[in-house]
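First come two forms of one protein chain, each written alone as structure tokens, so that there is a structure 1 and a structure 2.
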Structure 1
């Protein structure tokens, strides 16, 4: 199994490196970051040259790639257009984004698996149809529509009704919030609830449908029939035999969707004005802030790959056929 993981690791690093080349070529060709500066007749020539030098714009693209790539390997993500180091910014914004992504991921997994199993056990009944229809509904709804709907038709009416901010719609925390971690919990909940819900609703539905169909497939397996023929309880058959096997493929699907979750975070942060990675990235793109965009793309690629490795590990832990080969 170690060899299996090792092989995946090497392959992942290869994909990551290829992604870095592709992303760099794409971003390096996305336009002149100093365009606005140059258009301003008041900018001294020396200043432009200095900026170009600072961002290595005066070098060829392979050279720039090399400088950037070796920098990243040393943890140096370069500087923003304004000359601020990108690395620390990446991590402060990441902390903000993870505040919605991690809870949303965990919540979505729990909801999707329970609903998928529930729906499968009620196969063909109204509960099943209800769950499936709802999943389709959310699958068809763009994230921004979910986000805006919750913001304007849930949060704002509630806040207006109670004449105070119960569900906040802007930012990840109130700047005025003080005190220790536990004193800030109500404030955090108020800010996190809706964005987290938005993200959950954005990703959970396809997992529900997938989980439901794997449970249904598993139910028809011979080994489930054999388990039932042993005379163990229905619950034990469901949990120990059906669910235990039906969880294996869904881990991969969830891991693969992590990229989608990060994409959803871009939209959610826009709707709820969270100053997280997504907004940072969008602003970076608009300003053609090369190193910011690169840092974001490489960060997402890395996390997605880490999640896929974790899924492989989970797969190996859950499935002895892989564990022992």
Structure 2
């Protein structure tokens, strides 16, 4: 197992390096971040030259990449267009986004697996059709539509009914929230509920459909029919023989979809005005802030690679027949 992990880590580092090269080339050729400054006739030439030197724009792309890459290896992600270090900003905004993404991921996994198994066990019945219809409905609905629906047709009516803020619709925290961690929990939950549910509804649907399909496929396998013929209880057959094997392909899908979850977080943060990675990234794109965009894209690439490695390791847990060498 350790040997396998070592091999995968080496391969992952190679993939991450290749991704960094491609991402840097695309971002570096996306436009001139000092275009507006250069178009202002009142801007002194010396100021433009200084900013170009500060951002290494006076060097070739290979030189700029090497400066950026060696900096990242030392934990330095460069500076923004305003001269602020990118690294601290990345981790600050990441902490905000993870407050939404991690609970959404865990909830979506639990809901998707539960509904997928339930739908498969009720194959052809109204329960199965209801789950399938609902899943396809949310699959076809854009994330921002789900967010706006929850915001205007769920949160606002509830707040108006109780005449106080139960479900916050803007920001990741209230300016008036004070005290320690436990004192701020009600405020955190108030702000987290809607964005988390928006992400859950945006990503769980495809997992439900896939889980249902894999369970149905596993139910028709010979070893499952043999287990049933031996008189083993339906519950034990479902848990030990069907669910455990049906989770293996779903694990891969969930790992690959984590990047999609981060993409959904960008839209969700825009809808609910969260100052997380999504809004930070969009502001960086609009301003052509190269180092901000690079930091976000490399963070996304790194998380995808890590989750795929974790998915590979989960296979051995779900199926004891799988052994890595």
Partner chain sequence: MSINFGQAMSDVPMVDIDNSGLSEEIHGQWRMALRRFRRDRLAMFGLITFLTILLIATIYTFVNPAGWSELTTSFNQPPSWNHLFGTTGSGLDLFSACLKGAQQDVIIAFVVASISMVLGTIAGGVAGYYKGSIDAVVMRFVDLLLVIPLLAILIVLSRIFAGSGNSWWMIAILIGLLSWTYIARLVRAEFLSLRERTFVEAATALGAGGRRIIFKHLVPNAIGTIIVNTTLTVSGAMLLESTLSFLGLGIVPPQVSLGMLVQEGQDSATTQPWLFAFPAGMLLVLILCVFFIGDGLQNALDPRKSRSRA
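Positions refer to the first chain, counted from 1. Each form is matched to the other, and the largest set of C-alpha atoms that superpose within 1.5 Å is called the rigid core. Treat the numbers as computed from the prediction; the structure is a model and nothing was measured.
In this comparison the chain labelled structure 1 is the form predicted together with its partner chain, and the other chain is not. Core-superposed comparison between structure 1 and structure 2: the Cα of residue 62 travels less than 2 Å. Core-superposed comparison between structure 1 and structure 2: CA of residue 11 displaced by 2 Å or more. Core-aligned CA deviation for residue 43 between structure 1 and structure 2: 2 Å or greater.
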